Structures are given as structure tokens and as C-alpha cells.
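Read the single chain below, which is given as C-alpha cells and is the form predicted alone.
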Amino acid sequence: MQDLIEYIAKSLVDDPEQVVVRAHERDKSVRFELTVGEDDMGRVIGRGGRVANATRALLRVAAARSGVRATLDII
């Protein structure tokens, strides 16, 4: 799942070197924190949060296949 988030974020941004994904696990849930460069924040969030919501939806599907819950925070 972490690789999925990294792949999506690096495909969207101008500077893929600044993409960092951290995972924090608890019981049957995982919280991911996505950090990108300040100039790329708008690309990752999208107009009205559409890109962020789509990324979160893909993450939920991948997590459901693994039998866990996952959330994504964009920092």
C-alpha cells in the first residue's frame, strides 16, 4: 500500500525526490502520512480535493483486499 501511494504521488509532482510516505500501524489499521514539496502540494490535493479523495479511495480498496483499514494524511 505504501508503494501505491508513493507511485501515485511521484507521478503527480514535479519533484519526486521530495515525496516521503510514512506508515504508522495500530492493530488492524494503518495511517499513512504523505509529505511532498511545498510547490507540489496543490497537485497532490487537486482542485476541491478531488485528487486527494481519489487517492484515498484507491488506498481503501487496497487496504480492504489486505484485510485492514487505511487512512491517508497529506502533510
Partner chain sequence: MSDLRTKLEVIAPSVEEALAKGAAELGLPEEAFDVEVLDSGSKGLFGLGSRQVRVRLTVRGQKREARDDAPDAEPPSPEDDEETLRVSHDTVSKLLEHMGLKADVQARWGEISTHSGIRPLLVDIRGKDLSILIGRRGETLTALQYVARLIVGKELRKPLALVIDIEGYRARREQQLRRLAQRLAHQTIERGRTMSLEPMPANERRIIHIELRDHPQVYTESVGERDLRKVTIIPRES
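Quantities reported herein were computed from a predicted structural model and do not represent experimental measurements. Residue numbers count along the first chain shown, from 1.
The discussion below concerns the form predicted in complex with the partner chain, not included here.
Within 4.5 Å of any heavy atom of the partner chain in the predicted bound form lies no heavy atom of residue 22. Using a 4.5 angstroms threshold between heavy atoms, residue 50 counts as touching the partner chain in the predicted bound form. In the predicted bound form, the partner chain lies farther than 4.5 Å from every heavy atom of residue 17. Interface membership of residue 73, defined by any non-hydrogen atom within 4.5 Å of the partner chain in the predicted bound form, is ruled out. Each of 57, 62 and 65 places at least one heavy atom within 4.5 Å of the partner chain in the predicted bound form.
In the predicted bound form, the residues of 10 to 48 lying within 4.5 Å of the partner chain by at least one heavy atom are, in order, 11, 12, 13, 14, 43, 47.
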